[in-house]
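The chain below stands alone and is given as C-alpha cells, in the form predicted on its own.
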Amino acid sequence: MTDLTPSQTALIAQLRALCGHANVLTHADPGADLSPWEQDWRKRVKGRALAVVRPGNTQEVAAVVKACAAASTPIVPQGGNTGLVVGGVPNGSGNQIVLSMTRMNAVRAIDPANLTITVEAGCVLQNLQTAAGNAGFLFPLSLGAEGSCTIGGNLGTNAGGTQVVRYGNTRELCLGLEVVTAQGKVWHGLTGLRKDNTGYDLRNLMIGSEGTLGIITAATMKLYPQPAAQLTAWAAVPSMEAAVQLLGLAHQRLGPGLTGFEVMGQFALSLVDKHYPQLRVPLWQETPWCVLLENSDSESESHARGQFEALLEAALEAGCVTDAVVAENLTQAKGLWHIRESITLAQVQEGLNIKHDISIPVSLIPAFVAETDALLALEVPGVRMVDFGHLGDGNLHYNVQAPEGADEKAFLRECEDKINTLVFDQVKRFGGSISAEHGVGEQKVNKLPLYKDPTALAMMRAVKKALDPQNLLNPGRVLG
C-alpha cells in the first residue's frame, strides 16, 4: 500500500480485521479492479476509493463506521450502483471508503398476517419481489433497474417507478428501518407498525437522504394481496392534453385498479424501434404520444377486461385516444412493458444525453412540455427531446439528446449547464421539483440552493450537522 499514509494503512488493517481480508479491496491488491464501485452507472464520473468495504452484517457496518469516524475518513454507502445523479460513487481524492451493502442481501422475515417483509439493505429489488410472490403476496415497487438495484438504494433515493400512481414511492411502502448512525450506533427501528406517534418520524427522515444522515442496513416493507388479474393496454393519443384527459378517465373508470400510467413521446419510441427493432413498438409512427396503462383487478380477468374495454371506448369517443391495443396474455403485457423500460437503454445506444427527472402538477404538464420544448429548440437548434415518464404521478424524464450528427462531448460541454438552467427555471415557474425520484446526489447539489426554499435548506443543514457533525456520510451530496 505504497501511496497510503500510516493512518490510512492502519485503518485498512483494522477494517480487514473487522470484515475479513477478502471483503476489503484496495488498489494495492494484486489484480485489483475497483472500477465497478468507482464508476457511476451513466459512466459520466469515475472516482477513486481508498478502499471498498463489504460488510456482512449490521454489527460489521457499525464497527466500520466507528473505525472510520475515529480516523476522520468519509464513507460513501453504495447499493447496486444504479443511481443516475452521481450519489453513490467516491470522489477523486482517494480518501473515501465505499461501503458496499451487497453482501447484506437476506430476506429476514415475512409476516403474512401483518402484510410485511423484512429484508437487508443489499437485497436486490427483483429478489424481494420474488420472495413476496413466492409467499403469495405482491411487492409493488417496480422500475427498470430492478434486476440490480437494491432496496437500500431505493430507500436512500425514495425511488418511484411505474406503480406510484397506486402504491406511492418507496417511502409509502416502508414501515420500519434499521440504521447505523454516523457515530456507529444502531437504531433498531424495524417495526411493522402502521401507527406510531411517539415523536419525530425518523424513518421518513432517513428515506430519501441518500446516505447522508445514516446508513440503512435493513427495512420492513409493506406487502399487498396479489391481484386476481392484471391487464395492460397501449394507447395512441394525439397530444399531451389528450394523455392528461385519458388519465382522468382512467381514474374515474378504474379507481384504485389503475396501477400504471406511462406516457412516451414519439422520438423516445423511435429510439427503441431503431436500436431494438425486435421489440416491435406498436402505433408509434402514427401519433406524437403513446400511453401504457395497467389495470390490476381484485375480482377477475373478465371484470378487468370489461373495465378496460369500457374505458377505451369512452376515450375513443372523447377523442383522447385514436387507437389502442390490449395485451391478450402475460407475455404480450411483459413485451409492452419491456418497450417502455428499454427507452433508457435505447437512449444510451443513441449517444450522450442530458437527463432531467422532474415533477410538475399533472394539470400543467401539457403547457410545460409545449413551452419548454419550444425554448430548447430556440436555444439549441436541432436538439431532440426524449420525453417519457410516469404521467400518473406527474413525474417526467425530460431528457435532451444532442442534435443528430453533433459532437456529443462538445454538446455536453457547451450546452449542459444552460439546458439544465433553462429546464429547471421552467420547472420552478410551473411549481415543480427538479428531482422527482432519482435524488440530488452530486449532479444537482449546486442547483439545489437556486430552486429550494431557503428556510427548508437551513432546516436540512441543521439536521445534517446534528446527525453527522463530522460530515463523514456521503459528503458533497444533497447539501454539498
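The first residue of the shown sequence is 1; numbering continues from there. Keep in mind it's a predicted model, so treat the numbers as computed, not measured.
There is another form of this protein, the form predicted in complex with (2R)-2-hydroxypentanedioic acid, and it is not shown here; the text below is about that form.
This chain is drawn without (2R)-2-hydroxypentanedioic acid; in the predicted bound form, the residue among 388, 234, 289, 261 with a heavy atom within 4.5 Å of it is 388.
For the options 84, 229, 110, 375, the residue carrying a heavy atom within 4.5 angstroms of (2R)-2-hydroxypentanedioic acid in the predicted bound form is 84. With (2R)-2-hydroxypentanedioic acid left out of view, the stretch that reaches within 4.5 Å of it through heavy atoms in the predicted bound form is, among 237 to 245, 339 to 347, 220 to 228, 274 to 282, 339 to 347. Of the heavy atoms in residue 399, some are within 4.5 Å of (2R)-2-hydroxypentanedioic acid in the predicted bound form. In the predicted bound form, residue 437 approaches (2R)-2-hydroxypentanedioic acid with a heavy atom inside 4.5 Å. (2R)-2-hydroxypentanedioic acid in the predicted bound form comes within 4.5 Å of no heavy atom belonging to residue 305. Contact check for residue 355: a non-hydrogen atom falls within 4.5 Å of (2R)-2-hydroxypentanedioic acid in the predicted bound form.
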